[in-house]
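Below you will find one chain, with nothing else, as structure tokens; this is the form predicted on its own, and questions on how it binds or moves follow later.
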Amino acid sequence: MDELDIFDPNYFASLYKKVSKKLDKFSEIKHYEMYCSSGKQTSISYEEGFIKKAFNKDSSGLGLRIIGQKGKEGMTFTSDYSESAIDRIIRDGRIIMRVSTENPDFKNLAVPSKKYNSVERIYDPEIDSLNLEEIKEIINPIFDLKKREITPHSLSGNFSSSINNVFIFNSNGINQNEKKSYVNINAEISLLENNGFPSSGFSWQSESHLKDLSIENVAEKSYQMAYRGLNKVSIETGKYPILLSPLAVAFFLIDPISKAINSEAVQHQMSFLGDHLNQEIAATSFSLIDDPHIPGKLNTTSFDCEGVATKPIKIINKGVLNEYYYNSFTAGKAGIETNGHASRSHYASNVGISNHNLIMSEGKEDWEDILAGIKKGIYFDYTGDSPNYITGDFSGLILTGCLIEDGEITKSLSEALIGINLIDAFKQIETISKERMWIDEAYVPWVKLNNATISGRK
């Protein structure tokens, strides 16, 4: 199959017509869905200022779900669109459906929405036309870090870009397709301390448009993180006020919320927010919106991965939890309509649930003024650890963080641990900055927590 076919909506519409005609011959099949994705990806890995590996890859595939009596489901997939391959996945899907377990919670596949909002700037033709020579020039600012006075001991990373098109059809009349672009750069460096121990730094940026990518900023952030980590100091165990950077807010506060309001986790009693709907879970200054229609952002889309129209929702309003994320199955189980949060990672994957663009409320103070008001505390930037999503308890290493002394960020912390329950953390929010920045799909400020327990290691 040539490239024109794998990105052509007319081709996939005709393919669905062929597949549905075959499926309609079997009376035991009550519902069916065809999800196709096509894409091309370019990736470069680099190390020590040299290109280590590069590749271009085109791919396309089809995932087929067929559902019979009492919710029995068969799912199959193929990257071959020949007649024999289509017949094979239909045959295999019917076999899987017949032997699968009955699912009384299944109500229906997604139905077409009354209105779909158009979205802007989700496809960048400049990314579509990128070649390896151009990418080599783009990433030069990262290679230039080798010219710094303190030369990185190691320097590595990756640049990747992709164009993806999805096509969704089902027996209820869903017929949607969307073409999107994506570009990402990441850098990892290490500097050597005077005692010979390395200090690491990293940064990344992901965008829908190439011109929104700042390689210089990624390079500088990774270098500064490593530089701050030279000559780390220990801290005494105790309770301290915490100033969370936007990166920490995105991964320590916002990401756990987006996972905990997954209705599948809630329905299986696997979420620390499962019993908190319509309850106050955070300070009244904390609000969070999921908006899938912001032009040019990573998770901007007019429909979810079942073809249901997306819409903005208020997840948390003035500290009160208002919404969970639903796909058609979990919504049917709950007896409500889906709110358009079905997701898939691949044409061969099962339907899941995930967020769109997350916008946290802004405050009234400059973040530097918030910092200036802290006599002794912790500037928390990143942890590689995750919370317990069932209990909300978190205990992990502050991978990158610093002391705050007399309103200034000073020495980098060595092996400092933070322990807190996330709902306690939400309620400990004291001040929110008026400045916000994008961290992947989240638009987040600096946030001061009144206090949290920090364990130091001597």
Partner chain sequence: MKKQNDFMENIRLDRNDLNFLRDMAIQQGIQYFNIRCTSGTTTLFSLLNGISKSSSSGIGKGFSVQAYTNGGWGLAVGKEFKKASIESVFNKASKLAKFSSKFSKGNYEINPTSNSKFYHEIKQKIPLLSISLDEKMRLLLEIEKDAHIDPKIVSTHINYSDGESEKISYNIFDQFIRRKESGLLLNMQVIAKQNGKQEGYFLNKGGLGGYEILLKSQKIALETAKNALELLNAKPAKPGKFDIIMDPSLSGTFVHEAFGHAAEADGVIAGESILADKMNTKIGEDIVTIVDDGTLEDQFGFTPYDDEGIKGQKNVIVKDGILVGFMHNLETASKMGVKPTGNARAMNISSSPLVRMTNMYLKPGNSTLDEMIEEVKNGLLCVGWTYGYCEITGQFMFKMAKAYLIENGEKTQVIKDAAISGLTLSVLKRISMLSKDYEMDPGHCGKEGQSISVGSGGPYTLIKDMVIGGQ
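Since this is a predicted model, take the numbers as computed values, not measurements. Residue numbers count along the first chain shown, from 1.
Below, we refer to the form predicted in complex with its partner chain, which is not included among the displayed structures.
Asks: Classify Met75 as contacting or not contacting its partner chain in the predicted complex by the rule of any non-hydrogen atom within 4.5 angstroms, answering yes or no.
Replies: Close contact exists here: in the predicted complex, Met75 approaches its partner chain to within 4.5 Å, heavy atoms only.
Asks: Although the partner isn't part of this model, could you tell me whether Ser414 comes within 4.5 Å of its partner chain in the predicted complex, counting any heavy atom of the residue?
Replies: It does: once its partner chain is placed as it appears in the predicted complex, Ser414 has a heavy atom within 4.5 Å of it.
Asks: With a cut-off of 4.5 Å between heavy atoms, is Asn172 one of the residues that contacts its partner chain in the predicted complex?
Replies: Asn172: no contact with its partner chain in the predicted complex.
Asks: So in the predicted complex, is its partner chain close enough to Pro295 to count as touching (4.5 Å, heavy atoms)?
Replies: Because no heavy atom of Pro295 falls inside 4.5 Å of its partner chain in the predicted complex, the answer is no.
Asks: Does its partner chain, in the predicted complex, lie within 4.5 angstroms of each residue among Ile90, Ser129 and Lys448, using heavy atoms as the measure?
Replies: No.
Asks: At 4.5 Å between heavy atoms, only one of the stretches 28-36, 389-397, 425-433, 402-410 reaches its partner chain in the predicted complex; which one is it?
Replies: Single hit among the candidates: 389-397.
Asks: State the residue from Ile138, Ala334, Met270, Val320 whose non-hydrogen atoms include one within 4.5 Å of its partner chain in the predicted complex.
Replies: Going through each option in turn, the one that passes is Met270.
Asks: Which listed residue (Thr151, Ser79, Gln279, Gln224) meets the criterion of a heavy atom within 4.5 Å of its partner chain in the predicted complex?
Replies: None of the others qualify; the residue that does is Ser79.
Asks: Need the contact residues for 15-49: heavy atom within 4.5 Å of its partner chain in the predicted complex, sequence order, or none if there are none.
Replies: The stretch 15-49, when checked against its partner chain in the predicted complex, contributes Ile44, Glu47, Glu48 at the 4.5 Å heavy-atom cut-off.
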